[in-house]
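There is one chain below, alone, in structure tokens, taken in the form predicted alone.
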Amino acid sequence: MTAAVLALMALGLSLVFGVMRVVNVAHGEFFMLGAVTAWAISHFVPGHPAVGFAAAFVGAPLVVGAVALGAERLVLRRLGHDPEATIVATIGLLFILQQLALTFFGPDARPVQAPFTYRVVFPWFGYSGYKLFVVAAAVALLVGAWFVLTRTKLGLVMRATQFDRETAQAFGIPVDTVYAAVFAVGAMLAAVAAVLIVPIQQAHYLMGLDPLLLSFIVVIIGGLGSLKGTMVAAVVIGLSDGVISVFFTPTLAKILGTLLVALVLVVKPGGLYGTAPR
């Protein structure tokens, strides 16, 4: 489950860097904002918890996408998407979103009720049906993202912009519009991951820090901008983080993940599936 959700989160980060060459340090806060918005929507929607969850699953990514779109137009575009300047800008955006969440949401962690509590019973153990649903939903979204990127005209436009911005612009591709859409979609993927996980982990204004660290680890190990590398690294890091956290401590899991990043950068600086710079 951790690997599936982490893959969604890392895919958004990798997509933004792959197309825009922007390192979005605020990506974890989009995750947090998705969780907080999911709590707000599910809390105020009456009826069965499944109704509130469904509304949050649709509404939270749209809200986060709108915030990301505004940030891209008002901040990143004015900086010309310069890699160094956008790092500083997204650090500022991180603190702004974090403090806004603290101000309006509060410091307490708040639960979101799962849409169903069905338990799958096997002969030797039982397992949460909702956790299996999280894995299935994440896999379906990842397959959908792969299909869009590799089999549609929209994906072709995005890959052309990634490969050569000037040539794409010369062929009539609206590069600024593509950048805005990619940044919004990357944030929406983080929000979807948050909506899926928040019935298990609860919403909190600081919950974006660990997913951000793990996402960077996944993207660096897999290769910046590589969809295949992101998927493989997410499975490896997600499983290892879960196992090490259970049998030892979460801190040790993060330390080993960071050491693995250093090892990969020494042996293969571009990541496992990264492409060599042209």
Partner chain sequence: MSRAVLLHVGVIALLFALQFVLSDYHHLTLTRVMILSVYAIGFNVLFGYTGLLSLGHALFFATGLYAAGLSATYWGFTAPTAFAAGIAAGLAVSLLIGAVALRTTGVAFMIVTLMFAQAGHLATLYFGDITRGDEGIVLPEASRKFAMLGATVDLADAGLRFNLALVLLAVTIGVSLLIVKRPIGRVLIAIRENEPRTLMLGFDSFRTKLFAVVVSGTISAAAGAATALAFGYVGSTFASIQYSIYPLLWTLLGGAATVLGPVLGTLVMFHLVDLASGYTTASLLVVGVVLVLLVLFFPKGILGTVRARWLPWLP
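Being a predicted model, the structure only gives us computed values, none of them experimental. Residue numbers count along the first chain shown, from 1.
Omitted from view is the form predicted in complex with its partner chain, to which the following refers.
- Heavy atoms of no residue among 8, 182 and 232 are located within 4.5 Å of its partner chain in the predicted bound form.
- Stretch-level contact check against its partner chain in the predicted bound form with heavy atoms at 4.5 Å: of 189-197, 75-83, 150-158, 130-138, the positive one is 75-83.
- Its partner chain is not shown here, and in the predicted bound form it never comes within 4.5 Å of any heavy atom of residue 207.
- Although the partner is absent here, residue 216 sits close enough that one of its heavy atoms falls within 4.5 Å of its partner chain in the predicted bound form.
- Its partner chain is not shown here, and in the predicted bound form it never comes within 4.5 Å of any heavy atom of residue 163.
- A residue is said to contact a partner when one of its heavy atoms sits within 4.5 Å of a partner heavy atom; residue 170 fails this definition for its partner chain in the predicted bound form, lying far away.
- Screening 142, 87, 175, 109 for any heavy atom within 4.5 Å of its partner chain in the predicted bound form leaves a single hit, 87.
- If you take 86-112 and check each residue for a heavy atom within 4.5 Å of its partner chain in the predicted bound form, you get 87, 88, 89, 91, 92, 93, 95, 96, 98, 99, 100, 103, in sequence order.
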